[in-house]
Each structure stands twice: as structure tokens, then as C-alpha cells.
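Encoded as C-alpha cells, the following chain is the form predicted on its own, with no partner shown.
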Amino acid sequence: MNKDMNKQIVVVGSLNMDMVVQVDRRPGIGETILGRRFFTSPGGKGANQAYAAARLGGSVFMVGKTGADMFGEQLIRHLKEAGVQTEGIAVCEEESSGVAFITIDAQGENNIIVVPGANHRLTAEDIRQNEARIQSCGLLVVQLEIPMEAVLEAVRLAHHHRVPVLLDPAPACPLPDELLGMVHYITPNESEMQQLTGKKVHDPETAFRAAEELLSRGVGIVLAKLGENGVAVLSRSERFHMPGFRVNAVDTTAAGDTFAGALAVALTEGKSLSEAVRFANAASALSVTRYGAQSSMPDRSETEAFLNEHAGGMNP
């Protein structure tokens, strides 16, 4: 597939270096214990979504900010290796790159400390410097690990230039109606749906009821992610539930980011909404069968092969 045939995806968001320690148990206050394994892994919701989209064949340009340190260099290099255009990633001399300290115990439970670092130095002016890219792209993708002023500016520019916006509302926080009114696609999970609407979501029907609230606030299409139960999709003209694929899940890290990146690729390629959701479901399902964030994300050939294998049914 020729990437140049696609409209470009612009991702505005965060970049973090994840530092992961596996332990038998978490230490108490003042206690020192031995860990079993340590590794670093590129992450951050923005970088994850850009990486996923590029792996799946999308033409991707990323806007973000790192520190002037080795983590920043590694994060940018990793995106470049996947084919992401990184000219929109600025380097901040005053802050470290964003990092996440993750401790995972023998039961798979984790504790996470995130230090946003340079991510929280991304400004509206940084976004405006990339207006030409946003103006000419086919889809803007944003999340909420960067300052709201940067999110709003990116979405306002896209709206002004009639560019559709895909918002992954994570981590969940109150969102102004001005923002929601400019969002074409929103992809909350169950807990994010509840925080956004005040309605509990645990199945497709409750997801549809909560989605009505988001439509009333101006969102174009709600894609409510229900984990292994698939996705409930509601717009003013469509309502359907797309079941998930049953797989042997070992690590759900970045499954939602894989979904967003895959959805962005499918939409910019002109796939129908149901085709795009099925494609995103497949990529997300593959990602949870592997460990890590970006390291778990499938490429285009893997995803298409998976879809061909399961062509006879949505929920094998």
C-alpha cells in the first residue's frame, strides 16, 4: 500500500518513557526489596497512537514535546523507525522528557507514577506552529495527557479548517461543551463514559444510553469501547454493536491506543464506519496477546491476515 495515497493523520499528544519493574510484592514504607526484572519501553498515549497508525500503514505526523535528554532522543528515534514524521516534536531545554514509573507485582497488579515533564510544556503556540499540517491533514487525533490549552487549540484549528477530529478522552477529566461540539469521533471506555456522562456503562445498551448524552453535547459519533464485549457505536444516523474478537489476552497495555491508531488509519482510507471499527477491533485484539505498549502493536499484514482468518464471524 502506498502511504502517499492516504490523507495524513496528525497526532497531537504525549510522549513518555515507561520504566517498568517486576517484583514479587510491592515494598512497604521504608522497605527495600529486590526486583525480578527491569525494562524501559517507549510510551505516552500520543506516541502510542502515532506509532500504531504508522505500523498499520498510515501516513502520520506527530506534534508533541520531549526533554533534551536521552529519553527524548530514544522516543523520537523509535517513532521515526515506525515511519512517523517527527518534525512537529519540539525539544524543551527546561524540562525532562515525560516518564512513567511502573511497578508490577506477581499478581499482575501495578502502581504507576507519571511525571509529565515536557508534555506539560506543550502550548497553544506550539500547536499554531503546526497549523499548516493540521489544515492539510485528513484527521486530527488528540488525547488528554497534554495541557487542555493545547488540546483546545488543536481542535479549534482543525474545526476552522474543516478537518475531522478523533478524541480519545483519556485520562478522563471534565470536558467543555465547546470541545465536544467540535469532535467528530470520541472513543471512551466504560469508566471514561461514566465520568463524562454520570451514567454507569457495563454493556451495549447502557453504552448507547450514555452515548446519547454525548451526542446531545455536540459529539458527532460515539464509539464506546467495552473491552472483550466490543464497541457500541452511536451517531445521529447509525446505531450498532460490533462484537470483539476472543483472544488469549496477556497484557492490555495500550490496547485502547492501538484501537485509536487503527481507527484513524481506516477512516482516512475511506472505509465505512463498521469496517473501520472491525479493523480497529482486530488490531486491538492482536495487541493484547503480547506484552508491552508499542512493542505489542501489530503491522498491517498481521492485522489483515487476522481479519481474513476470522472473516466468517465477528466474534469467533
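Treat the numbers as computed from the prediction; the structure is a model and nothing was measured. The numbering used is simple: start at 1 and walk along the sequence shown. For the two forms, the rigid core is made up of the largest set of C-alpha atoms that agree within 1.5 Å on superposition.
There is another form of the same protein, the form predicted in complex with alpha-D-ribofuranose; it is not shown, and what comes next is about it.
Taking the partner from the other structure, alpha-D-ribofuranose in the model of the complex has no heavy atom within 4.5 Å of any heavy atom of Ser59. The shortest heavy atom separation between Val163 and alpha-D-ribofuranose in the model of the complex exceeds 4.5 Å.
Interface residue remark: Ala293 is counted as part of the site for alpha-D-ribofuranose in the model of the complex, having a heavy atom within 4.5 Å. Using a 4.5 angstroms threshold between heavy atoms, Gly261 stays clear of alpha-D-ribofuranose in the model of the complex.
The partner is absent here, but in the model of the complex a heavy atom of Val114, alone among Ala172, Ala82, Ala124, Val114, sits within 4.5 Å of alpha-D-ribofuranose. With the partner removed from view, the residue among Ala100, Ile104, Leu144, Ala90 that has a non-hydrogen atom within 4.5 Å of alpha-D-ribofuranose in the model of the complex turns out to be Ala100. Picking from 274-282, 60-68, 246-254, 32-40 the stretch near alpha-D-ribofuranose in the model of the complex, with a 4.5 Å limit on heavy atoms, gives 246-254. Of all the residues from 9-46, those having a non-hydrogen atom no more than 4.5 Å from alpha-D-ribofuranose in the model of the complex are Asn16, Asp18, Gly43, Gly44, Lys45. The Cα position of Ala293 differs by less than 2 Å between this form and the one not shown after fitting on the rigid core.
Core-superposed comparison between this form and the one not shown: CA of Val20 displaced by 2 Å or more.
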